[in-house]
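First, one chain by itself: the form predicted alone, in structure tokens.
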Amino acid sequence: MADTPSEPRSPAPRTADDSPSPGPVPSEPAPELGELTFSDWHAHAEKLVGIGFLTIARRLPALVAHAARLAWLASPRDTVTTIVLSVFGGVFTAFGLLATTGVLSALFEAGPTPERVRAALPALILVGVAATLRTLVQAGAGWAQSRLDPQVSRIAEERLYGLTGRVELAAFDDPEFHDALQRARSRGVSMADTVVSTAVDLLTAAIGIAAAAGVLGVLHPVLLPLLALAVLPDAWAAVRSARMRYTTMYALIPAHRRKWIIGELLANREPAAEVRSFTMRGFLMRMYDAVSRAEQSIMLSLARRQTVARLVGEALGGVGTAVVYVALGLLLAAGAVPLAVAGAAVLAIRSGKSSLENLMYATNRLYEEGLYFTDFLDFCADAETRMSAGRTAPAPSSFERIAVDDVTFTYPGSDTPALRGVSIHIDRGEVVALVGENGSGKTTLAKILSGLYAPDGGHVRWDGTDLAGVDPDRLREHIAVIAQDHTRWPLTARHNIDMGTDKGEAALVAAAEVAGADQVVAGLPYGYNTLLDRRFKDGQELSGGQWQRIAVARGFHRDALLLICDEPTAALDARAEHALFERIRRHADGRTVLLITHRLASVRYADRIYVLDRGKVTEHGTHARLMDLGGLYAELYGLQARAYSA
């Protein structure tokens, strides 16, 4: 096949009012959108452009086997029903064709017409019974298949999201894992039911061809080659037209990508304000129009070429059909076959022709969709290797000391360790602070302490229990995290705080009051039952500071042994920040708190402060001791103090 097609050139954009210009106007170049990768929906386009039909057919058995396993997992009963009824449909098709021979034989015999009609009635009844039974079993197969599709979709989606919720968090920092997940989500999982239904279509078409071929073989062996002669030209035209369309769609991928990006800019909420502020509508519409016109030109060319291919195929099919009729005439003239057999052969050939066209279409479709379905299967296999294995020990119910001993950690795909031999300890009831510049490893260390990351080396122990063997889900039940990058859940205010734990109204209200979130909820139209997402009816949107208070209440509501606060005041003003730290100090009475913040004035009263720099602990002690050292902490504290006093 031809080399990979390049992005189609766009004609010069029109003026805003589309009015003709009285003279030549310098063409305005279409704005560049930068280097963009293919959409996940076209991830395998290049693989398909140069592949022939026979190559595709050789790879089908493995795809059919995967589809059969998934269908069986979804519903063994509906899978068996679909296959059995499809087979019976082919049997009744063959029976009907053979019964048609009896009808034609009776009608073509010598004698008065009424007697011939009466002689044909038994065979005619068989034809009617066969047609009725075929219709019923085909309807039954369609019903079973329609039942199977949603069950397959559910099984595939549950498997995907069940795995994504169980893999180690570090997997999401691996670019290869992330890319595989995007391909599996964007198209792979949605192909599961389509692959199963297309495999059923392939089976049905193959049974139809076998039925037609079997009938021709029974009628006369020499009729079998006539089946291929009659159907191959149209089949060639169908495959040719499909390949034309596919290669054209592949050539248009850059255009589709541009249109999608421009459409997102014009229709999404996030860029809407700037599109209006910078009056970009005309600019974006000119770019969209240029790409659309280029796409339109290519699609019109495709329609012309497909029409030519269909005409050639139909012409060759006509020649093939003529040859079939000539061959049947010669067989009739030579007395090799009776007239009734020739008539039944024509019907069988037409039936086989339809089945072969369906077979080729299903084969092409199954292979293309199977590539994306394979993305789903490959992702699931990889995800299963990334789950916590062998960590089944119960989590400690309490602790006197949490000790981090010589911990190292490197993010997937990175050559630079995020943590290098870090050792700290936190005693029960203490407020311990982690400080340092961006990229120093504070948040990474907090995620290791919260059980979200497993260290590459070293140990984390709660008293004498090494967390490397503890069930991570059970451990996390004893830890609460208030994160800077907290999730704005599209749920009610109640569920944004209690996260579905349902500890009761008293615990909910108490957590909200400690965090100051009760003031946020008081301003909502439905109180705690207000949906916090404006995209839905009666939904409300919160400011950044209000969301921060909801997130803090979420952490307090957990009432855990260890509370980790990672930049909890990032979205708050100075007054709200001071109030929140006062609440945290009061809430921490008797509890253990790990505090991460850039606002060093807020950690002055911590029992101990650890200063991290480039993944290492460089200083630790109380605020007074660190100021006396005159190191990094004193430098950073002085910079902030001068900024406030300037």
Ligand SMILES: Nc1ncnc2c1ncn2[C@@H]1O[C@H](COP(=O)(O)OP(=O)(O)OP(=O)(O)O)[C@@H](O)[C@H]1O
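One rule holds for the numbers: they count along the sequence shown, beginning at 1. Just so it is clear, the model here is predicted, and its values are computed rather than measured.
One more form of this protein should be noted, the form predicted together with the ligand, which is absent from this view; the next part is about it.
- Contact with the ligand in the predicted complex holds for all three of 173, 418 and 453, each having a heavy atom within 4.5 Å.
- Checking 438, 398, 385, 279 for any heavy atom within 4.5 Å of the ligand in the predicted complex turns up a single hit: 438.
- Proximity to the ligand in the predicted complex, defined as a heavy atom within 4.5 Å, holds among 536, 325, 411, 72 only for 411.
- Only one of 504-512, 438-446, 399-407, 333-341 places residue heavy atoms within 4.5 angstroms of the ligand in the predicted complex, namely 438-446.
- Residue 591 falls outside the set of residues with a heavy atom inside 4.5 Å of the ligand in the predicted complex.
- Under a 4.5 angstroms non-hydrogen atom cutoff, the ligand in the predicted complex lacks residue 620 among its neighbouring residues.
- Interface residue remark: residue 66 is not counted as part of the site for the ligand in the predicted complex, having no heavy atom within 4.5 Å.
- Although the partner is absent here, residue 484 sits close enough that one of its heavy atoms falls within 4.5 Å of the ligand in the predicted complex.
- Contacts between 596-622 and the ligand, taken as any heavy atom within 4.5 Å in the predicted complex, involve only 598.
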